[in-house]
Every structure is written in C-alpha cells, then in structure tokens.
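Presented as structure tokens, the chain that follows is alone, the form predicted on its own.
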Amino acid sequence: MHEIFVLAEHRQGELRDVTLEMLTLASQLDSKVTAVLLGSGMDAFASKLASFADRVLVVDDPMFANWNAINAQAALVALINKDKPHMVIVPNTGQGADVLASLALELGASFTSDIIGLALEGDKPVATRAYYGGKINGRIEFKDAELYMVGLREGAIPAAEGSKSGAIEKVDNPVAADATDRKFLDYEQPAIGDVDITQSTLLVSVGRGLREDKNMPMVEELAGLMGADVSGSRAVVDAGWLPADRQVGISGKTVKPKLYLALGISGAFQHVTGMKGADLVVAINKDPDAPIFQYADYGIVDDLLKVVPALIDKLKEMKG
C-alpha cells in the first residue's frame, strides 16, 4: 500500500480546516495516510489529527512555533527521504505555496498546484483543476516519478468526520540550525471596522451582479429587515461600494454565518474559500451556470434587482 504525506497547517493556535480536507481526500485514495505536523506544543493538534490519519508524524520544536518555509522545507526533505512516501499533499495556501514548488524541485517530484480533486489510476495520480472561474474542470496527468506532490485548494473537498485511531509518532527535529536569512516577525491583523463580519450570524453578501452602487441601499434595507450584516466580493470592494473590511474571500475575510445570502455573486473560488463554512447558503444569480450554485443549498435563477424588492416586500408584510 502506498503512503501519502499530508502537511498539516496551523496558525495562531488554530488547526486550519484545509488540513482535515486534505486528510479526507488522502483517505479516499486507498493509501496509508500520514499527517506531518511541524510546530511547538502540538499535543492537542496531534490528537485531533489521529482521528483522520493512520499515523501522525510530529516534529515538536520551538523552531516551528511560527511558519518559516526554509525550516519547514528542510524538515520535510529529511522526513520524505527517510520514509519515501508515494505522494505529498500540501495546502494551496500562502504557507503551502511557500514550499510546494521549491520542495518538489529539490526532491525531483512531479507536481501541480491548486487542485480540486485527485484520484489514483494504477500507481499514478490524476488531478482535477478548475479553470475560467470554475466554469470548466481540467484533467492533470503527471509525468512518471518516484514522488508526486499536489497543492489542494481550500474548500474543494468537504472534510469528513474523523473515524480513525492513528498512531502518534514523535520524532526529533531533523533541522540542525534555525534559518538565518528569513525570520518570523509578527502577525499583522487588519483593522476591524464598525462590523466584524467574521462574527456575523447572518450575512447578505453582494457581487458585481448588483451593477451599480445606487442599488446598495436596497441591499442594506434587506439586511436590516433580516437582522443581517452586509458583506461583498472583491469586485464590490474594488468598486468602492463597500469598505475593505467587508470583503469575503482569500484576499478578504473568512466567515461562518448561519445564513449566507449571496446576491449577484458568481462564485469564483477566491470568494467561495471565504464563505464555505456557512451553515446555509442561498444564492440569487441570473446566470444558471454560475459556480455559486454548486455551493448553494438553495438557489434562485433570476435578476436580483427583481428578487430582492420582492423579498423586502414579503419581509415587511411578515413583520406587519
């Protein structure tokens, strides 16, 4: 049975959701799944990962208290050369992208990034990657290699419930000296405005389908009737219709409301990554092929400029 290494990602005391998504994907490939955890004070994370992996390989050292790609790559090279896994999966995030290409080149691996699906055909992986804002998917085949590496897009694979009882194996830090040409300084958090959308229970989120900023009062009225906060896509923020602290997505904020009402949002992966944790997603878009409908629990294919006024009227009627 082949072995798959999965690089666990954590930040500021939290295990990132993409880690469990990668482990879920790896477990679907009929392989031995090993979670590789680099950090300091990792006992709680290791226990969590043990329910998703057959083995958790832990390097617990102050050197890895904060992310440093040079240190991480040195450790991964040593661990991979020792155990010889068939494949390595890393998150297609800022951290993962920091090591994926350079690690693959150092090890002579066949690799690709930003995948949304993965299968094994014989001994070789075949990956799926989205193009044109998620409208079509492409098949990625790999050249023959002893080691394959992929970067998995956040939110592409729903995380399963952990049902394993993997062994936790602590190993000594294989990196002799801390990197000197790159140092972690501090985390810079964006300023929080009058509303912190990361804490919002209900969100009405708008995209370029709103067409003009003169339509924003209509959205704000709907949100007010719902008791919701207003957020938006990058297109709306770039247009100046909403402040930057209301942006949802990779370059904005990650939100997990109970209800996410997406108005005129196409559903590009950059946006979906930021709202995939919503309990309920309702999408309104006049394009029936908009990718947002792939993630919506309920969808309305129509012009939001017709649907939203009808919703406002209905809510007013219900409120008497």
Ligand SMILES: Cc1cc2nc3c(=O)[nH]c(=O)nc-3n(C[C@H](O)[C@H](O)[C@H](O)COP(=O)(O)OP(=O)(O)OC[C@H]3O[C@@H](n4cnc5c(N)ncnc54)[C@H](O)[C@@H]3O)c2cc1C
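Note that the structure is a prediction, hence the values are computed from the model and not measured. C-alpha atoms forming the largest set that superposes within 1.5 Å between two forms make up the rigid core. Residue positions are given as counts along the sequence shown, with the first one as 1.
The same protein also has a form predicted together with this ligand, omitted here; what follows describes it.
Contact with this ligand in the predicted complex, defined as a heavy atom within 4.5 Å, holds for exactly one of Ala278, Ala290, Leu261, Leu37, namely Ala290. By the 4.5 Å heavy atom rule, the three marked residues Ser233, Gly249 and Gln270 all count as contacting this ligand in the predicted complex.
With a 4.5 Å cutoff on heavy atoms, Lys135 does not count as touching this ligand in the predicted complex; it lies far away. Contact annotation for Arg211: at least one heavy atom lies within 4.5 Å of this ligand in the predicted complex. Among heavy atoms of Gly207, some come within 4.5 Å of this ligand in the predicted complex. Not displayed here, this ligand is kept clear of Val18 by more than 4.5 Å at the level of heavy atoms in the predicted complex. Contact with this ligand, judged by heavy atoms within 4.5 Å in the predicted complex, is confined among 41-49, 262-270, 22-30, 59-67 to 262-270. Contacts between stretch 279-304 and this ligand, counted in the predicted complex as any heavy atom lying within 4.5 Å, involve Ile284, Asn285, Lys286, Asp287, Ala290, Asp302, Asp303, Leu304, listed in sequence order. Taking the rigid core as fixed, one finds a CA shift for Asp144 smaller than 2 Å between this form and the one not shown.
Put the two forms on the same core and the Cα of Asn71 is off by less than 2 Å between this form and the one not shown. Core-aligned CA deviation for Val206 between this form and the one not shown: 2 Å or greater.
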